[in-house]
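One chain follows as C-alpha cells, the form predicted alone.
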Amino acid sequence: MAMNLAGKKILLGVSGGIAAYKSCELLRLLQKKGAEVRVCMTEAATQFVAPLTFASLSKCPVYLKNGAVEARPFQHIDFPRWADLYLVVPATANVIGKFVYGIADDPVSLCFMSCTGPRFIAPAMNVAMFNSPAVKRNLETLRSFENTFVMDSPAGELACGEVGKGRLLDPAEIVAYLETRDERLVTREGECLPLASAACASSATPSNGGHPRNAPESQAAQYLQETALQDLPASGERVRRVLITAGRTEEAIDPVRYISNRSSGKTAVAIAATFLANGFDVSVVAGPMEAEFPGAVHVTKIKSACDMHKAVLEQMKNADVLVHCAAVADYRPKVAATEKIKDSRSQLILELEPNPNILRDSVAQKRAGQVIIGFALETDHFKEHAAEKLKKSGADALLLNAPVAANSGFGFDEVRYTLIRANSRNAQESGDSRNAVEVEIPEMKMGSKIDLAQEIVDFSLDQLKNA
C-alpha cells in the first residue's frame, strides 16, 4: 500500500552541501501533500541556508547545535520521537560517515542515532567524492541498517560544473520516492513495524502505474507527472514573480561614515521564504543586513537609496508583486566628502537632501494587474500616518509596523503590525484620485514576522486572482 503523506509528521535533516537550498522546495512540496515538517540542521548547513528560512517555511523553530537558550535539552530525542519518518536531504559524505560509525555530534547525526522509525537518506556530493572507496563502502553499509533507505544519486551536471553521479534527486522525485514506500512502514501512532515490513516495502511494486525502484525511466516520469508534480504549475504556465526590497540603506558622509538605521532584514527574509513556499520566483534588492536569504532567492546587493531606486525600477517590469520592505533612509548628505573628515572636535553641520521615493516612483510605473505593497514604520498616531502614506503612494496595501513594544521590531522575531488595504471600489468611483481613496484600517496585533509574511502573501494571491 503506497504511503499517503497527508497527515505525516516528517523530520527533515539538512546537512552542509550546496544542494541544501533544494530542501526549501522539498519542504514546500511535502506541505502541499499535507505533511507537517520540522527541521534540524548541521552548523555547516546554516552557511548555505539561513535557519530563519526553514523556521519561516515550517512555522516551527529549527533544531540547531547552538540553538536558543530556552530550547529543550532533549531535542535530539524529542524531534525524532515526534516524527513518523526522518528524511535527510542533502546527506553529505561527512554526515553519511557519521551515520555509519555512530558519531553523533550535531543535530542531524543525533536525530539519526535516536530515530526508531524509518530513515530516508538522499546523498549529494561531487562525483569524485561519490566514487571514492570510503563513500561507496559507507553507502553500502548504510543500506544494510534496519529501516534505513538510501535513495539513488543520479548522474547529471553538478554545482561545480562537472558531470557525473552525486547529484541530489529533484525535490519532486524525492516526494515520489516517499509516496511509493509501503504505508505499513509507519503505524498511526508513529511506531516502526518490524523489519519484515521494511523488506516488503523495498521489493514491492505498487499497482496502478506505481514507481518501483528499478522502473523504466518513462514509467518513472509518468508517475512523477501524475502524482508528485500535480500541485506545481502546469507545463507552459508562467511562474509568478515577486520583487522585494530588503535591509537598510547606507548614505555616505565620507569614505568611512554613513547615515543608516537598525534594520536586520529578518522581516524581508520571512517574506521571501513565504513567497518561495507558495511557488513564486523570488528576487530581492537588498541593502546591508544581517539575516540571510534562501539559496533559491535571486539577490541584487546595493548600498544607497539611489542604488536601490535604480535597481527596483529596472527589475519591476518582470514582477507580478512588489513588496517594499526595506528601511530606506529618507535623506542623504547633499555632498559626501571624498576624504575622511578629520576629528577637530568642532561642530559639524551636515546639509541633507531627500532621497527618491521608491514606493511612489514604482507605483507611477505600475502596469495593469501588478500588485504593489508598501511598508510604514510609525512611532505615534500609527493608523493616521499610515493611511495618509497609503493614499499618497497609490499602493494596493501598506504594512504598518510599530517597533515600540518590548522585545519586538528591529532584530526581533515578533512585531506589532496590521495590513492596511486600499478600497479599490471607492478608488474607481472617485476616478482613481489617490487622496480620495478610502482605506480599511484593521486593529494592530502582535505577531511573528512569519505571520506577517503569510498575510502579505495571502493578500497578493487574492489580488492576483481578482486582477
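Each form is matched to the other, and the largest set of C-alpha atoms that superpose within 1.5 Å is called the rigid core. Quick caveat: nothing in here was measured; it's all calculated off a predicted structure. In this text, residue numbers run from 1 along the sequence as written.
One more form of this protein, predicted in complex with a small molecule, exists but is not displayed; see below.
Exercise for the section: Indicate whether the candidate residues I18, N94 and M125 are all in contact with the small molecule in the predicted complex, with contact defined as any heavy atom within 4.5 Å. Expected result: So, yes: the whole triplet contacts the small molecule.
Problem - Touches the small molecule in the predicted complex: T42 (any heavy atom, 4.5 Å) - result: Yes - in the predicted complex, heavy atoms of T42 and the small molecule come within 4.5 Å of each other.
Exercise for the section: Decide whether M129 counts as a contact residue for the small molecule in the predicted complex under a heavy atom distance cut-off of 4.5 Å. Expected result: So M129 counts as contacting the small molecule.
Exercise for the section: Name the stretch, out of 8-16, 442-450, 21-29, 455-463, where some heavy atom lies within 4.5 Å of the small molecule in the predicted complex. Expected result: Checking each option against the 4.5 Å cut-off leaves 8-16.
Problem - Post core alignment: N278 C-alpha displaced by 2 Å or more between this form and the one not shown - result: N278 C-alpha, core-superposed: shift of less than 2 Å.
Handout entry: Threshold 2 Å Cα movement between this form and the one not shown for A305, core superposed
Key = It does not, since the A305 C-alpha is displaced less than 2 Å between this form and the one not shown after the core fit.
Handout entry: Rigid core superposition, M316 Cα moves 2 angstroms or more between this form and the one not shown
Key = Where the cores coincide, M316 shows only a C-alpha shift between this form and the one not shown that is less than 2 Å.
Exercise for the section: Look at the CA atoms of N278 and A122: state whether they lie closer or farther apart in the predicted complex than in this form, given a difference of 3 Å or more. Expected result: So the answer is closer.
Practice task
Relative to what we see here, could you say if T92 and N278 have their Cα atoms closer or farther apart in the predicted complex, with a change of 3 Å or more?
Solution key: Compared with the shown chain, T92-N278 is closer in the predicted complex.
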